[in-house]
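Given next, in structure tokens, is a single chain: the form predicted alone.
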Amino acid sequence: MKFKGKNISLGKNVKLGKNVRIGDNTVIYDNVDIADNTTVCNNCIIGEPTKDYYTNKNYKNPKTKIGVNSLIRSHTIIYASVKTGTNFSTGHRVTIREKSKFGDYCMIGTMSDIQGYVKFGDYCRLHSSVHICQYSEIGNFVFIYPFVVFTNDPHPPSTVWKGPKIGNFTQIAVSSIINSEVKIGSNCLVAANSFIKSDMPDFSVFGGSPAEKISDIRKIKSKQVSGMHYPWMKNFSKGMPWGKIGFEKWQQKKG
């Protein structure tokens, strides 16, 4: 364990792994477990208590878990009961509310807001200024681009909250709105500035407001190689586990 910063506040039952680095003015509340080789930068809050902390004298902070090799950039706030996988990272000024769960290698961009009770798979990438509503479920290898908004209330204001569900390998382009209860299949593409209010089947492209089906994603030609671009995994490997061996060989090795 190695502290580099000044004015660090540690609560009770905080566990810090090997080579954990903590920046200036960071607050870590009770029952936080930060795994090996993680960096928490300046002015972060980890294990932020829920509202009961301010009214219930018997309040006990739920356990918060930050995975191995994570990078939490400055001014990030992570609430109590959040659990992240390995190699988790955030941009600056990210907020992650309670009971959110992340798989391995997830990246959350600057100014993004995760409103809690959300499930992410592995290798999800959220770019800057993304809003994910409560009770959303997001699969593996899902990329969500800037200014996308997920909603969970079909008739606001109400107490019927059901977030969208997003399948594996789906791409959601900039400034799109995903309506409550919508189910988007795997290997889908949501075009920029779309309003998705109905379910999308696997391998579909939807666009418009309200969005309609434009095409089968497998009919979109690539601008970087000869042939079709999608499924994108065959033509994109940056930061992906299949690396230089390619997606198909990686799948075979994975079993």
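Just so we're clear, the structure is a prediction, and the values are computed from it rather than from any experiment. Numbering starts at 1 and follows the sequence shown.
Absent from the display: the form predicted together with another copy of the chain. The rest refers to it.
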Within 4.5 Å of another copy of the chain in the predicted bound form - does that hold for a heavy atom of every one of 204, 216 and 251? no
If we test each of 184, 94, 138, 106 for a heavy atom within 4.5 Å of another copy of the chain in the predicted bound form, the one that passes is 94
In the predicted bound form, which of the listed residues (86, 168, 151, 81) lies with a heavy atom within 4.5 Å of another copy of the chain? 151
Counting only non-hydrogen atoms and a 4.5 angstroms cut-off, does residue 49 reach another copy of the chain in the predicted bound form? yes
Should residue 13 be classed as touching another copy of the chain in the predicted bound form when contacts are defined as heavy atoms within 4.5 Å? no
Is residue 124 a contact residue for another copy of the chain in the predicted bound form, using a 4.5 Å heavy atom cut-off? no
Taking heavy atoms only, is residue 192 within 4.5 angstroms of another copy of the chain in the predicted bound form? yes
Need the contact residues for 108-139: heavy atom within 4.5 Å of another copy of the chain in the predicted bound form, sequence order, or none if there are none. 110, 111, 113, 115, 127, 128, 129, 131
